[in-house]
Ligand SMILES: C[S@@+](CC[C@H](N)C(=O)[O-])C[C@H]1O[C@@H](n2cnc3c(N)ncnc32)[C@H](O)[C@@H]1O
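One chain follows as structure tokens, the form predicted on its own.
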């Protein structure tokens, strides 16, 4: 894993040098023209004709087979989607470009009533910046870079983030970077990010482990589901929070007055969850362990439960691994259903575009049928509003949580 720190002063010289226009040309085949016209930002290998010599993540002009200008993009010959569009304007991809996109993303979220001092500032393709994730935690920024183009442009966009943020920390250590031919990166880009950043969601405090937690440190996309859970859970109810991470649902339950129990495999997650419980003045036991094993072997001793939260990691983000994720969710639901009290509720989440609501409901139905348990679907929550799901990029709608009741 690489770590680094960069000089903001040197950025400005690099920014001026980066005020270039793409010179190499990628030709979009006629068969992919309709995809482009609908605004889809990615193209597969058979959609384009690429030049023989091309740098990893290099800026390119995208033209039609008739020679017409279509846009500016980032190209990486080795990627599954080797061309990603940045703009349909013939312009430099410089600091001004990123400032416009970042300001637009900020303005879009300005009117949202998130009841928090933390939100997703940039949601990649949905905000016109493919492969760039930016999360804001009370002035401290955590970023993920998911493709070679954004990696190559880092010296251009990083100082623009630094204009508004107290600190910028990079957490580009996800599996998808390997497909782009990139190493993991975890390090300071500007300022000084604390080991733990305190944020709030309504009346609940959270400590965010930006540097050593999962992803960017806090699952902001589940904020609305945590709020919904706070509205529904009642004093005295028993809550089992599996894959609890830093205690998002279990701490909320305890603040309301429920008896919560959280389980997660990661030491950092469990230790932060315990700190979050202390910060909110509640007592929540957290177990470091495998949630699959715990629900199958150990959870019964503390049951039955009025609520079971199932929020597993996205182990299947491609079509090829989707069946593994479906099996994993089936197994969890199958083993957790007998632990529910009469009229007990379960929240089943899938964090991948590869499973839609119908797929999730089908898996729950199969597990319930195999257990001989009747359940009803009461509601569905999706990722919160600061993670926009845009029509031209279906992959931007990825998180869904199905709320079911045992009857």
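Just so we're clear, the structure is a prediction, and the values are computed from it rather than from any experiment. Residue numbers count along the first chain shown, from 1.
Separately, the form predicted together with this ligand exists; it is not shown, and the next lines address it.
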Wondering, does residue 244 line up within 4.5 Å of this ligand in the model of the complex on heavy atoms?
yes
Touches this ligand in the model of the complex: residue 226 (any heavy atom, 4.5 Å):
yes
Heavy atom of residue 304 within 4.5 Å of this ligand in the model of the complex:
no
Indicate whether residue 292 is a 4.5 Å heavy atom neighbour of this ligand in the model of the complex.
yes
Checking 174, 278, 296, 214 against this ligand in the model of the complex, the residue with a non-hydrogen atom inside 4.5 angstroms turns out to be 214
With the partner omitted here, the residue among 331, 266, 164, 232 that in the model of the complex has a heavy atom within 4.5 Å of this ligand is 266
Stretch in contact, per heavy atom within 4.5 angstroms of this ligand in the model of the complex, of 77-85, 321-329, 247-255, 134-142:
247-255
